[in-house]
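Next comes just one chain, in structure tokens: the form predicted on its own.
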Amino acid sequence: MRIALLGFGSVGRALARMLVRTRAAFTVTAIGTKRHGAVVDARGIDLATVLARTDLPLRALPPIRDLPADVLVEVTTLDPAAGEPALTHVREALDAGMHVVTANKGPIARAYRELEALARERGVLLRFEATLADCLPVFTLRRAALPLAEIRAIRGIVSSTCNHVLSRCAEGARFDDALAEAQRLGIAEADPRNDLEGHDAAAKAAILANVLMDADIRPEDVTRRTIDAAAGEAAAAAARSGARVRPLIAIARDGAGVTASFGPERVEPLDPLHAVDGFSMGLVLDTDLAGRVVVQLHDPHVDQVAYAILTDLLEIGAAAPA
């Protein structure tokens, strides 16, 4: 299958390296960036050569509908408030009859139902495993292992930045020092408010609620409490009694529909999320038929985001006609 790759930052380059290393049966025919040009070659791009350069030979990428590709992989820099430009890219690709894999939360958090309906109408697949927690298996798990189960509640840790900060505070570090450490390691952004104030987690909660529980909520509908120095002090106090404070999302169905929240919560030693320390993430899914299902991903890095994209590509490749 032919891939058009929009975005060639750390995730796009990690995916390119993984495609080279695994020799997966995909041909990258287009790469586009906002600042460093583009390259299009219907015969296939030599990824090793492209990875060795900073700028690409073309000044601009042709319109998505004109690209010689079967799949669009969308990993551009995102405006989280509007979901753009990823939302427009995904919509245009689906409308042109291309499969889409995206690591961008915005389109799925804000327009999942529209995009999924468009994909079905055009007879293509929309995949987004990397939008939630690197390669933590969630949507793949639902399709493969929980197709008949009703997911009634979800709790989990989906912010590696917030979890690292609270974990370090539990060990005795000052809140500001723990945050600075996450920034030095490249996990936290220079402006960490998107994570600490829960905007990132709210988008992920909306995705989980809408995709797994057939809700119709937006990130603004998610109740948020900030991860701050007071939460760090609570984490330190909880650790002295053997408990932990985790940055939890909680999604549940009640008589009025589905509600979602994010904030620091105390968890006791028998809670499956108690041991999910540092940059690790995890989810607890409560279902009617399968009981309680727990998935965890420990200390992920950018390669795990790329791997989630690759698994989506493999699923699309397996589903495509021979």
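Since this is a predicted model, take the numbers as computed values, not measurements. So that there is no doubt, residue numbering starts at 1 and follows the sequence shown.
Another form, the form predicted in complex with another copy of the chain, is not on view; read the next lines as being about it.
Asker: Applying a 4.5 Å heavy atom distance criterion, does A256 contact another copy of the chain in the predicted complex?
Answerer: Output for A256 is no: heavy atoms all beyond 4.5 Å of another copy of the chain.
Asker: Can you work out whether R246 and another copy of the chain are in contact in the predicted complex, taking contact to mean some heavy atom pair no more than 4.5 Å apart?
Answerer: Looking in the predicted complex, residue contacts with another copy of the chain include R246, since a heavy atom lies within 4.5 Å.
Asker: Contact between H36 and another copy of the chain in the predicted complex at 4.5 Å, heavy atoms?
Answerer: Looking in the predicted complex, residue contacts with another copy of the chain do not include H36, since no heavy atom lies within 4.5 Å.
Asker: Any of the heavy atoms of R266 lying within 4.5 Å of another copy of the chain in the predicted complex?
Answerer: Judged by the heavy-atom cut-off of 4.5 Å, R266 is well away from another copy of the chain in the predicted complex.
Asker: Using heavy atoms only and a 4.5 Å cut-off, decide whether all three of L51, L56 and T131 touch another copy of the chain in the predicted complex.
Answerer: Checked in the predicted complex: no contact with another copy of the chain for any of the three.
Asker: May I ask you to choose, among A117, A111, A96, L141, the residue with a heavy atom within 4.5 Å of another copy of the chain in the predicted complex?
Answerer: That would be L141.
Asker: Name the single residue among P68, G44, P62, P272 that comes within 4.5 Å of another copy of the chain in the predicted complex, judging by heavy atoms.
Answerer: Here the answer is residue option P272.
Asker: Heavy atoms within 4.5 Å of another copy of the chain in the predicted complex: which of the stretches 83-91, 142-150, 198-206, 215-223 has them?
Answerer: Every other range fails; the passing one is 142-150.
Asker: Scan 273-292 and note down the residues that get a heavy atom within 4.5 Å of another copy of the chain in the predicted complex; none is a fine answer too.
Answerer: Residues within 4.5 Å: H274, A275, D277, D288, L289, A290, G291, R292.
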